[in-house]
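In structure tokens, one chain follows: the form predicted alone.
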Amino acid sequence: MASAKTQKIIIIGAGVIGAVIAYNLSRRSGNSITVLERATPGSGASGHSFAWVNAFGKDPREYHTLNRRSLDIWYRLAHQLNEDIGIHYGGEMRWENTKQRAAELQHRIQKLQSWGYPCKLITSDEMLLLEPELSSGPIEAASYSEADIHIETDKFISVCLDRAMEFGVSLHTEHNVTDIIIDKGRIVAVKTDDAEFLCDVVVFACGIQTTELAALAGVQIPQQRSPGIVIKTSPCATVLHNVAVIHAPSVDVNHQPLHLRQLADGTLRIGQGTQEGINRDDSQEHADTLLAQAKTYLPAIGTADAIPTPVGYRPMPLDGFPILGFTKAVPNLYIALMHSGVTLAPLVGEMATLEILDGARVDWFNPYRLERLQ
């Protein structure tokens, strides 16, 4: 394991996790830090994420608490960076139009309140005060989680990497890792298509590629395939005036619930089902259908066009929880394989820095070590 001395650190992956770890490591002087990205920063799962930052549906309690801690750190990180990182405040609002799902929502809110999460049930009048453009249809129950935010991941990644490079971090894009060189049980170099980088520590923040690259080092990291779709739209009028994210119920029995957020440029991001739902339909027809459903609830979307996006494959450890920390098999290999990567990014950036540079073993991460899956 690393100690508090000068280190040659290689981070593989420049999505939200790689970028925020690079930024946090760069704030410590005296280390040589290199980020290797096989394409362009944020082009993997980060660019396909719905990017709702929350602890709303995160069970069990210890996982909820981890996400809640990171949600709070987002506010501090935004203050620290003091730049436009694509953060949208305002909370999350949802409603249900069937008695069964209303009862489930009421139970969830009661449970979250007992855990100290800032959320509450609201009336239909309170919904319209928050979002006057909304045409909700029948409402059996509604809730508002005031601390939730959403992130424009491209802006966040860009700021983190720019700050990191100001502190001396080297970023190499279009560098595909082809081999991991092991000597006496430790990684001593990382090879790309056209270069070799010597190292003391390697951080895998490379999402779905983690399993493939870890195998080069003789480490098994099981993942499940988790395809998802979040469509884009052309710019439209402001349809969300106060809240950052809405979750709307199914418009009818033939469709799934919707989630929607609006970016600073007026474009929308729309998904269906749950954040973990499986969806491979990246057709124009599917995108048009999602947008039509969204217009049912937000007619002010008007004539915006739906823009289909390719299927995005999300990092998803086999049991659905993160894998964090150094591996026992290769003690200088640090794994940061996420689910809930956007929510957990600030916390992982800070805590991974403690583990990598100071040799700490953060007990918040103990349930998420690789060994639980082996």
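This one's a predicted model, so the numbers in the text were calculated from it and none came from an experiment. Sequential numbering from 1, following the sequence displayed.
Below, we turn to the form predicted in complex with a small molecule, even though it does not appear here.
- Of the candidate stretches 137 to 145, 161 to 169, 291 to 299, 176 to 184, only 176 to 184 has residues with heavy atoms within 4.5 Å of the small molecule in the predicted complex.
- Remark: residue 308 does not count among the residues lining the small molecule in the predicted complex, judged by a heavy atom distance of 4.5 Å or less.
- Remark: residue 213 counts among the residues lining the small molecule in the predicted complex, judged by a heavy atom distance of 4.5 Å or less.
- Residue 49 belongs to the set of residues with a heavy atom inside 4.5 Å of the small molecule in the predicted complex.
- Taking the partner from the other structure, the small molecule in the predicted complex has a heavy atom within 4.5 Å of a heavy atom of residue 338.
- Residue in contact with the small molecule in the predicted complex (any heavy atom within 4.5 Å), chosen from 44, 322, 346, 325: 44.
- The contact residue chosen from 333, 36, 33, 66 relative to the small molecule in the predicted complex is 36, the criterion being a non-hydrogen atom within 4.5 angstroms.
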